[in-house]
Every structure is written in structure tokens, then in C-alpha cells.
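This document starts with one chain, in the form predicted alone, laid out as C-alpha cells.
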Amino acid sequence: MEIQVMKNILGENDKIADENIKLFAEKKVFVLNLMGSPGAGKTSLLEKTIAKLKDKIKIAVIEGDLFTDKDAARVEKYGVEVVQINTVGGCHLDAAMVAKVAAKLDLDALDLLIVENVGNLVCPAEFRVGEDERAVVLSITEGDDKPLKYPLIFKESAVALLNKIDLLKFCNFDLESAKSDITALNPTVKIIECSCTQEKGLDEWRDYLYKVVKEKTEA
């Protein structure tokens, strides 16, 4: 019975996600679902990304969190529209939540909508929200075993950002092993080593994101 209930939940979510995809395609808005553990550096990556791209493309952000609007307040300082979704204990955003927020946004005025999902390596990967691509942020401080322990999020992501590489010398993290595991799970994934505090690898990430956004908005 529990399995059937889960199938029903995911099936209904997929229907709404497909509707979101059609809407975003019509409006030519690229949607990125940004995922990762609490503290992995998702919001820091957002700040660094928006700071460099906001004058080139039009960006809005949906901030998912259990409680508070602390991350939304950080992002809002960069002059982009930010909408907060508090799940009040829920471990992920779903397609219906995104659809409700999207209806309030001026999609005609956007090129890129970034959905910063709730900090979690499990649930967000199971629920499509209508995104074009997913990106997962893995912090060096989390351990190199995480890709194989939480495979779905790495299988489903177009980009895996290995963040906080400036801390490698302080952590027992085997970078090559982690990269090998991620590639084994997802042979087409783009792996970017980065440090938000030291600005390492961020140009590669921003160039990639700008490219895929332009491919959709100019199609």
C-alpha cells in the first residue's frame, strides 16, 4: 500500500511538472533545479552566479527552505526577484509549489529561473518541478562517499559542482574517487571543481549556465 501511495504521489507530481515544462517552453525561460545538502554552498553559489550574470540575462529565484527567509534575503540583495517557499518541515519542493509561484512571476521578462531546493540529498531528486536541468552541489566537507550513498541525485543532474575545494588539504576527501563514482553513475555529467570563497571554477560554471540559457531563449 505504501508503494502504491508513493507511485500516486509521484505520478500526480509528474503531471504538474509536465505542465510547468510546457509553460516554461512557451515563455522561453530556462529553469535550473539547484540541489544539495544543507551547508553545501548552494546559496553562496547562487550569489556568485547572479552577481556576474544578472546584467547579461534576466534572472529570478525561487527559494525553498523549511523555515525562515534567510537565504532569500541574501539573494535579494543582488537585485533579482526572489520568491520564498517555506515547506514547514517538508524535505523538498514539488511541481505544484513551483507552479503556484510561477503564476505570480512575469515569465515574459525572464531568461533564467533558478529553483534552490530544500537542503537534502534524497527527496528533491525524486520530485521533478518542471526544470530543464538539475545541478547538485557537493561540499568537500561532506565526504567522498556521498555519490554512491545517494546515487539518484547524481544520476539526475546535468552538472555536479564539487564545492569548497580550498578545504581539500583539511579534509579526508578523495577527489578522484568522488569524480570517478559520479561519472560511473552518470557518464554525461559535467563535473566542476569550485570554491565560492576563492572564486575557483566559477567562471566555468557561469559560462556553462549562460550557454544553456541562451540556447533555449534564442531558439
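This structure is a prediction, so every number in the text was calculated from the model and none was measured. Start at 1 with the first residue shown and count on from there.
What follows is about the form predicted in complex with a further copy of the same chain, which we do not show.
Q: Pick from 53 to 61, 170 to 178, 188 to 196, 27 to 35: which stretch has non-hydrogen atoms within 4.5 Å of a further copy of the same chain in the predicted bound form?
A: Only one stretch qualifies here: 170 to 178.
Q: Thinking of 120, 123 and 150 as one candidate spot, does a further copy of the same chain come within 4.5 Å of a heavy atom in every one of them in the predicted bound form?
A: Contact check passed for all of 120, 123 and 150.
Q: So, residue 142 and a further copy of the same chain: in the predicted bound form, are they within 4.5 Å at any heavy atom pair?
A: Residue-level check for residue 142: yes, a contact with a further copy of the same chain.
Q: Could you tell me if residue 71 has a non-hydrogen atom within 4.5 Å of a further copy of the same chain in the predicted bound form?
A: Yes - in the predicted bound form, heavy atoms of residue 71 and a further copy of the same chain come within 4.5 Å of each other.
Q: Does any heavy atom of residue 91 come within 4.5 Å of a heavy atom of a further copy of the same chain in the predicted bound form?
A: It does: once a further copy of the same chain is placed as it appears in the predicted bound form, residue 91 has a heavy atom within 4.5 Å of it.
Q: How about residue 146 - does it come within 4.5 Å of a further copy of the same chain in the predicted bound form, if we only consider non-hydrogen atoms?
A: Because a heavy atom of residue 146 falls inside 4.5 Å of a further copy of the same chain in the predicted bound form, the answer is yes.
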